[in-house]
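In the C-alpha cells that follow, a single protein chain appears in two forms: structure 1, then structure 2.
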Structure 1
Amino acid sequence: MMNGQKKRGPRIEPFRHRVETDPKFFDKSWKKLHDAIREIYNHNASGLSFEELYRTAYNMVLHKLGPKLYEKLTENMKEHLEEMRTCVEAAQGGLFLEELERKWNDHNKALTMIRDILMYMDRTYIPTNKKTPVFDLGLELWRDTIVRSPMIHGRLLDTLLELIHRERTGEVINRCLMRTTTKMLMTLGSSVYQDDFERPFLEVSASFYSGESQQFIDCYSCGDYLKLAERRLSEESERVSQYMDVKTNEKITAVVVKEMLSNHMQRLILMENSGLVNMLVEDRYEDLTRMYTLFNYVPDGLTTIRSVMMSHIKDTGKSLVTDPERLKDPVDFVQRLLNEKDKFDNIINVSFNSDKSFLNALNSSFEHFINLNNRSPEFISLFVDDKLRKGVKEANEDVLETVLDKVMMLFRYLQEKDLFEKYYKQHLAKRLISGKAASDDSERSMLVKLKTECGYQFTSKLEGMFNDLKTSQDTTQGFYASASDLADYPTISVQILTTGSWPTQPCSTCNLPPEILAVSERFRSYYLGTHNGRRLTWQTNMGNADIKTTFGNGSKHELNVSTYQMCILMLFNSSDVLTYREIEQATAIPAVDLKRCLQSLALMKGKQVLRKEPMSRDIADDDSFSVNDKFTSKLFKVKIGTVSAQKETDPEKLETRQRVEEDRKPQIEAAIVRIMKSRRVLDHNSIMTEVTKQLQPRFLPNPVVIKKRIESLIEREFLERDKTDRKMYRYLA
C-alpha cells in the first residue's frame, strides 16, 4: 500500500508533503489557536507568538484541514460574540450605546489579529472554495449575533431614533457616539445601514415632520412657516454631515420637503393674508426668495408658484385696464402698467433667480391683459406723446431713453400693432406740425426702436414725415430768398407734407384772409415753379398763427391761435360785430370746427378774446360775436386752446377703428397672395393658420375677415376653388 502511494508521490503537487498524521493533530493545533483567540479577546495578547500561531494555522490548511478550521473558527468567534452580547444587553440606559461602542472596538481589534493568524487560509483555502474571508466573516457574525439579536436590534434602533428626536427638540446629544454607531452599521454593509437604521429613521422623520407641519401650518404665517422649513432642512443636512452616511442627505431632504412643503403646497402658496399673493403685493423679497428656493425642491412647486403669480398679475392687470377711472388719464394708465412691470421684473430678478420661465409667465400675463382693453395701443402712443412733448422737462435724456425702452416692452405685448402705428403717426404728426416735438434725438431713437422691433416697413412713413419737415424748412428759406418784396406780407412758414406719409385728414380749405392768401399764392407759384407736376393743397385745419393784437382797452398781446381761429379774428379787423352765420359765410370753415374755435375764443375762462351774445355755451346761427375790449392777461403771449393730442372721443375711436380695418384688408390680401403664390394649392385651414402666422407681428387678423378677403380674391380671379374639393384653393397666375 505504501509503495503504491510512493510511486504516485512525485506527480502530486510539489509542496504537499505527506506527514505521518497525528490523530490528535487537529485538536492540538486548534486548542493552540482557540486559547490564543481567547487571550486576544481578553486584551492579553502580549504573551502570544505570532509566528507560532501563523505556522499552526498554516500547517492545518496544508493538511487539508481548512474546512474544519473554518468551521471551528466560526463557532469560536460566535461564542465570544455571545459573551459580548450579554454585556451589551446588561448595559443600563444611556450606557447601552457606549458599551456597544466599546465592544465593537474590541471586536475589531481582535478580528484584525485573528485575520493575521489565518492569513494563509485567507489566501489559499478561501478563494478556491468561495468562502467569506475571515475579516468579513467576523463582521457578519457581529451583525447576526449582536446587531440583529432580538434583545439588541430594536433597542439599538430605538436608542438612536430617541437621541435624534431629542436633538430635534433642542437637546444636546453625544454626536460622537452617534457617529461611531452609524459608522459601525455602515462598516457592516450598506444594506445593514439602510435596513437597520436609515429606513426606520426616514419613516420616523416623516411622521415627526408631518406632525410638526400640521401643528405649525395652523398658527404660522406662510413666511414664518417657510423660515421654519428652511431651518429644519439645514438642520437635517447638518445632522447627516455630522453622523450619517452622505447618501442619506438626499433622502432626508426629500422627506422633509415632502412632509413640510409638498403636502401643504397649495395651502402655503394660497395662504390668506400671507401667501404668495401677499408677498407679491408687499414686495417681500426675502420671503419670496425663500419660497422660490424651497419649492424648487418640490415637484411642480415652481409651476404652482408661477401659475399663481400669473393669475395674480392677470387679475390685477385686468382690473387696471378695465377700470373706467383709469381710462380718464391715459398717461397715468400707462405709467401704472410700467410700474406694475417694474415691480414684477424686480421680484423675478431679486427673488426668483431671474428664472426664464417666470419671465415668460410675466410676459404672457401682460400680453393677456393689455389686449383686454382695445384702447391700449392708443394710450401707449399717448404716453409716448406725453413723454416726447415734455422731453425737455425731464432734463435727463437717459431717463427718457429708459422710459421709452420700457414702453417698447409694453408695445411688444400689443396684438394690434398696426393700430398703435396709426395713433403714433397721428400723434407724431401733431407734434411735428405744431413744433412740440421736444427733442429730435429722442424722436429718432424711438423710431429706431420701432424699426428694430417691427422692421423697415413699419417706420418708413414715419421717417418720411421727418424728411418732409426738413425739406419744408429749406423750401421756406428758398422762398424768402427768391424775392425781396416779401417783407411787406405776414411771414409764413409752410410745411409741405407728402400725401400718404401723413395721417390723412378730410381736406376742407377755408377762406384765408386776403393778406395771407396773397403770400400763400406767391408761395404756391414759387413751389410749383421749382417742382414740376406736383399739386399743393392747403391743410388749413392743421396750421397755427401768431397774431399781434391791440385791444380796446389798450392792452397789447400776441395771440397764438390755430389757422381757423386766425381767419375768424382777422375778420374783426374790418367789422366790430359779426353773427355766427356771417362768420361761417366769410371763412367757409366746417361748422363743427368753427363752433369749436368760437367756443375756445369766447368761452374759455381767462382767455375770452371774443364776446358772445348771448353768453350761453351752445352756439346758434344768430349769436353775435365782438372783440372783448376788456381782455386782460398777465402774459404778453397768450395761447388760445390749440387742441393738443387727446384721447379720442367715441365717434373718433370708431372712425379710427374703421380706418384700421380698412387698412388691414390689403395687408391680408397681400399675405394670402404671397402664400398662394409659393404653395400654388392649399386648403382653407392651412391658409388661415399661415396668414395668421405671417401677420401676427402686426395684428391678429379676424378669421371672418380673412374668409371675406379670400372670396374677394376669388372674385377678382387671383384664386379659384378646386373643382372637386371645395376646401382647396388654387392660385391663378
Structure 2
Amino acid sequence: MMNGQKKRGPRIEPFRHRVETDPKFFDKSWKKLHDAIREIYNHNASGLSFEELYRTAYNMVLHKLGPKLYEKLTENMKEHLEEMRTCVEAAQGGLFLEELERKWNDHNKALTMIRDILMYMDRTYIPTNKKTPVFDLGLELWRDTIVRSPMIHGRLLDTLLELIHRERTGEVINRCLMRTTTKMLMTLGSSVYQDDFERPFLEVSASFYSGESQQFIDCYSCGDYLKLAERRLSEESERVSQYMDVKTNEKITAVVVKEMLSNHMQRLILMENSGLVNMLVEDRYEDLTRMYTLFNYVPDGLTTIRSVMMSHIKDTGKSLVTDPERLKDPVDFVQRLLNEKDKFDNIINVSFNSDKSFLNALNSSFEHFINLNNRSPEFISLFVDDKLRKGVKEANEDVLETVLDKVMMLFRYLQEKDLFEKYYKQHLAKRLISGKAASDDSERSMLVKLKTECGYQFTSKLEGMFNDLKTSQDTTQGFYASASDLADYPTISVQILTTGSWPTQPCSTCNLPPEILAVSERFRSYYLGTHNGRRLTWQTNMGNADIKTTFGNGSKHELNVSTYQMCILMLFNSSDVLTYREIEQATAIPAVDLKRCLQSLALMKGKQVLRKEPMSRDIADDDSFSVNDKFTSKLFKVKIGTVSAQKETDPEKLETRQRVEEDRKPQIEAAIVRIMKSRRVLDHNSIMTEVTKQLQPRFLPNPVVIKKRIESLIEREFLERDKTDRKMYRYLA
C-alpha cells in the first residue's frame, strides 16, 4: 500500500573512511620551503623547481596548515631581514645608501619569488582569514625591521637631508640613489614617505629658506632677490620631479613662497630705489613679470601690487594734471596723459598677463586724477582739434584713427562729458567754418566714436553742423545760377548755420565794405525768397576772405585773412594812414577783436602787411597804421592768422561753465520726472542715487543742484511732499 507514505529521493553518504596523513607532513614540507627561501635570498634560485615548491605550499594549505605556514613564513623572512639589517648598519659614509639600495632590491626580488610560490595561500587562506598578503607582509617587515630600526631610521633621514642640503649649496649628488631611496619609502606606504621623510624635509627646508632670505634681503635689490626666489622655486620643482613624490611639489613650493616671499612681501614691493614703483618708473618689464608671477603664489600678493600701482599712478597723475607749467600747453598736457596710459597699458599687457583686475585699477586711477583738473574736458577737446587740423600732414589716416581711439579712452574717464561736448562743438565749428578740418572722414569717424559712447542725443547737433555745410554749398550754387549779373561783384561763399546746432554767439555785425555789402544783400534777398519764415543774421566774426593785393614795391600777393581783417585792409584803398580810433569807427569791430586783428596785421613776423606807429605790441587809440609798401614774401598766397589765445580766458571759462550749469538743469529735472513717473513714490536719498546713476554717463550732478531742482518741481506741482514723512515725494500726474 502506498497511501500515507512519502517517497524518498536518492542520498549521497559522506566518505566514512578516514584518510591517514603523515604526522611529519608539515615539517617536511616547511623544510623544503625554508631551504628554498634561503636559496632565494642567497641568489641561488636558478636550481629550484618552482612548480614543485608551489605544489608543496598548495598541499599544506589544502591540509589546513595555512596558519602555521603563514606564521613560519613571517618568522623566516624576519630572520633574513635581520641579517640584511646588520649589513646595512655596518655600511659606512656614502656606502650606507648604496648598501640599503642593494638589500632593498634583493628583498624585492625574493618577495616576488616567494609570492609566486605561495600564490595559492595568497588567494585562499589570506583573504578568508583577513591576513596581510605575502608581498605586503614582506614590505611591512622591511619597514619595521630595517627602515624603522633604531640604528637606521635616524641615520637614513639625516643622510637624505644632508644630501639635499649639499645639492642646494651647489654640490652634485647621486640623484639616482636618492630616487631609489625615496621610491622605497613611497612603496612602503604614503604614511611612511610622509612621516619618515617629507615632513622633516619640509621643516628643514623652511629653516634653510628662512635663513637664506634674511641673509640676502639686506644686501640684494628687489629685482635680484626675486631672481633668487624664482631660481629656488625652479630648483625645488625640478628636485621633486627627479626624486620625490609629485605631491611634494605643491608643499615645498608653499614653503619657499612663505619663507622667501610672503614673510617679506611689503618690504620687497615697497623697497626703496628697486621696488615696484622703481620698476614701473623705469619700465623694467622683466622684473615686473617676475614680481607678478611670484606674488601670484602669495595670498593677497597681487592685491598688494595692484594697490601700490594704483597709488603710484594717482600720485603721478595728480602731479601731472596740477602742475601749472604743464597747463600752459593743452596739447602737450593730453599727450602726456596718453603716453602715461600707453606706458601702463603695455606694462599690464606684457608683464601682468593682461590681468583684468589690473586694467580696472588702471582705469579707476586715471578717472580719479583726470577729474582733479576741471579743465581736462577743454584740453582733451583742444587736443582732438589739433589732431584733426593737422592729422593729414602729420600722419596717415590709420595713425590718426589710432590716436582718436586712445583719446576716447581719456574721454571715458571724464565725469563732465557735457562740458567736453560744449568745447568740442566750438572747436568743430571753427574747423568746419575756416575749412581747416584735415579730413571729412576723420571728422565723421570721431562723431561715430562719440555717438557709440554717448548715444545719438550727444552728437545730433554735431551731425547737424555737417548737414548745414552741405546745404550751404548747394544754396550758394543755386544763388549764382539764379543771377547772371554778379560777374563784377566779389565772389562769396555763404555758410548758413542753423541756430541751435552751432555754438554761435550774438554779436554786432561790423560794417562790411560796400562791394561785399551789395552782394551780401543780394544773397539775403535770394535766400529769404526761397525759404519762408526764416531770418538771416551775418556772423562776421566767423568768416574769412582772400584779397588780391599790390604793394608799393610792386609785389603782388593773395592774402588769406579773417572777415574783420578784410574790413580793415579794404579801408586803405581810399586812405594812406588811419588811426586806431578811425578804424574802429569805420568798421564797428568790437575793440578786443579789432586789437587782435591789427596786432596780427602789423606785428606778426614775416606777415607785417601794415606798419604801426609807434612800433609796440600794445595798441593805443591814437596809434596810426599804413600799408607796408616794403612787404615781401616768398609765397604768393600769404595766410595771416589772428592773434588769439588757444585756451579760454578766465572770463570765457566762467561763462562756459555757467552755460553748462544752465544746460544741466533741465536734464536733471527730466531725470527726476522720469524716475518719479515710474516709481510714483520715492524717498529723498533714493531719488539722489537714481538721478546720479542716470546722468553719470554725461556728467556727475551736484547733490545741491538736484535738491534745488526737486524744490522747483514741487513749486510747479510736478511733485509733492508726503504729508506725514517730509523726506518722501509723490509724483503728481
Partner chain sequence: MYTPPTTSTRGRVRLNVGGRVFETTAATLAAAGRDTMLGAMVDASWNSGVHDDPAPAEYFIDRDPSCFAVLLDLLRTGDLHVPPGLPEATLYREALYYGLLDRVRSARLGGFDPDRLRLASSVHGRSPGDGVAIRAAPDGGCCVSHGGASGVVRVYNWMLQERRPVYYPSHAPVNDAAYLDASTLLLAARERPGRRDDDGGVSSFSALTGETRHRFRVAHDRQPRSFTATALAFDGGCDVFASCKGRINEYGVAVWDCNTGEQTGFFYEPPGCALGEADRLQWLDGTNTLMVATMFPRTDSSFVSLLDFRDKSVVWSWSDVGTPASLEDKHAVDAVATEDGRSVCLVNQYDDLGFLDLRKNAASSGGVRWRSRSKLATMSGGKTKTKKAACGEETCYPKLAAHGGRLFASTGDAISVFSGPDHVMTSTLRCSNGGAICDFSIGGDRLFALHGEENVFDVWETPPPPII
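None of the values given here were measured: they were computed from a predicted structure. For residue numbers, the reference is structure 1: its sequence is counted from 1. Throughout, rigid core stands for the largest set of C-alpha atoms superposing within 1.5 Å between the two forms.
Novice: Two forms of the same chain here; which is the form predicted on its own?
Specialist: Only structure 2 matches the form predicted on its own.
Novice: On a core-based superposition, does residue 701 travel 2 Å or more at its Cα between structure 1 and structure 2?
Specialist: Comparing the forms between structure 1 and structure 2, which are aligned on their rigid core, residue 701 does not shift its C-alpha by 2 Å or more.
Novice: Aligned on the rigid core, do the two forms place the Cα of residue 669 2 Å or more apart, comparing between structure 1 and structure 2?
Specialist: It does not reach a 2 Å shift.
Novice: So with the core overlaid, does the Cα of residue 577 end up 2 Å or more away between structure 1 and structure 2?
Specialist: Yes, the C-alpha moves 2 Å or more.
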